[in-house]
Ligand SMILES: Cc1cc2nc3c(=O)[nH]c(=O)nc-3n(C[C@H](O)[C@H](O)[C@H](O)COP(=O)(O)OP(=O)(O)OC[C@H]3O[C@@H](n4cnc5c(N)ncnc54)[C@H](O)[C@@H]3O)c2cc1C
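One chain comes next, on its own, written as structure tokens: the form predicted alone.
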Amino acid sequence: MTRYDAVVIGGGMAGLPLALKLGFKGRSVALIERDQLGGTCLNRGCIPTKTLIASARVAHLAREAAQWGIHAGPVRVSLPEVMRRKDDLVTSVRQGAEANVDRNSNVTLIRGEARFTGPHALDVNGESIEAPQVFINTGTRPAMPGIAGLEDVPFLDSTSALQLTELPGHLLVVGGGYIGVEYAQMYRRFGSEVTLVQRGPHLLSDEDEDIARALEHALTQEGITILTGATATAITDVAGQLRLTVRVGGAERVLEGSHLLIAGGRRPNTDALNLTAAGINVDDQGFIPVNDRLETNVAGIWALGDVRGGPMFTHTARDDARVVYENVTKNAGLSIRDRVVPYAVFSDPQLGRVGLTEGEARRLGYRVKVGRYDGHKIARARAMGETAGFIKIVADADTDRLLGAAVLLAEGAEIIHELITAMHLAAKYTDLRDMLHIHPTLAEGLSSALGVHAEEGI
């Protein structure tokens, strides 16, 4: 039995920084990773997808360059070269992470599958290890929907779609969340025909309908076919051609395509951990419930990142690591209860979101003020030739406190940070309204949405 001060299971975006910081603090740490350091974000998520999206945007701008007075020749996308650029970047970042681990003499990287044999004891590759503190960061993987025949046909998920070297002729995408939206636009810009099937009444089911409809309009303008209120029920492969049956409004419709991408939910990687041996509770889906300090029901065991459910973003995982580190090393008493969690959809226009939607605020009983400003009214957006979308800000009518915001614009994921800061500091919308914003910038549209002009905004 090898003893450590701490065991971190999973080297993702919560486990990796936590292990390194504990090591720098002088604690002996076993970092167990069965695959690659960096987790989903680095290897199968944020970094590779945004790298591909950047290439797709260049192809799109090249095709549309004439509207800016620039005339280029025919555009040819080399998918193998695009994928090679993505792989090179991922490898470079991962090598940096591995070097950081190698330099930390207190962190021992163990490659293998961890399995609990007791509350603070584990088996990895036949080696028994134990520690008084165990941190679970095993992440999630794509979940498969109940589509008849799916197991009998070739299909893509969010991981395998990152490895294509031949462009799909017609990509069928099942799932209209942020993964489905990003992949649909990306492959359309590479040159594929794309049909996007969404079970809910609009894309991004948790978003306000006006935001979702504006994004749908932008996607359809690029030639993406979007079916909402559509449930995929069956799939067959007929001589290499996929036929997807969907139910729309009580009627069945058959879609034909060359490739199928399943872009649904996520399921936790807890199956192989033998959590029952440790007495750790899981919910019906296999996620590990935690309290506001990320503690499981077993003392001395924490769960961080996607494996605990809730918002599944790299930035929340990293903040989980911060909260846990401060608590276990300094008894800081930090909590995630009132954490302001933003997110973005890296479509074009981008969607940056923080706080409550208008619908959520009203359902919670708030009297709300809503400010809106359209992209085509923003001078900088017009100069850039990127006017799609709008800004929407929701405030409490009784206190003027900001409740939430969505920025669906070019660079919306960047612009939203001004509102993230304001909400983190519990600011009123008038605090932002009265700030000077540089002209001409996209962020200038925030002041208009907040009511700088009498005829606009809140």
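The numbering used is simple: start at 1 and walk along the sequence shown. Remember, predicted model here, so these are calculated numbers, not experimental data.
One more form of this protein exists, namely the form predicted together with the named molecule; it is left out here, but the text below deals with it.
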Practice item. Within 4.5 Å of the named molecule in the predicted bound form, counting heavy atoms only, one of 315 to 323, 373 to 381, 231 to 239, 350 to 358 shows up; tell me which. Key: 315 to 323
Study note, to complete from the structure: The one residue among Arg63, Arg57, Lys50, His424 placing a heavy atom within 4.5 Å of the named molecule in the predicted bound form is Lys50
Check your understanding: Just one of Gly300, Gly169, Gly96, Gly112 has a heavy atom within 4.5 angstroms of the named molecule in the predicted bound form, so which one?
Key -> Gly112
Check your understanding: With the partner left out here, if you bring back the named molecule in the predicted bound form, are Gln36, Arg44 and Asn137 all within 4.5 Å of it by some heavy atom?
Key -> yes
Practice item. May I ask you to state whether Tyr187 is within 4.5 Å of the named molecule in the predicted bound form, using heavy atom distances? Key: no
Point to revise | Partner proximity in the predicted bound form: Arg266 to the named molecule, non-hydrogen atom cutoff 4.5 Å | key: yes
Practice item. Consider Ile179 of the chain shown here, and say whether it contacts the named molecule in the predicted bound form, taking contact as heavy atoms within 4.5 Å. Key: yes
Review point. Should Thr296 be counted as a contact of the named molecule in the predicted bound form, where contact means heavy atoms within 4.5 Å?
Key: no
Revision key, fill the gap. Within 338 to 354, the residues having any heavy atom within 4.5 Å of the named molecule in the predicted bound form are Phe346
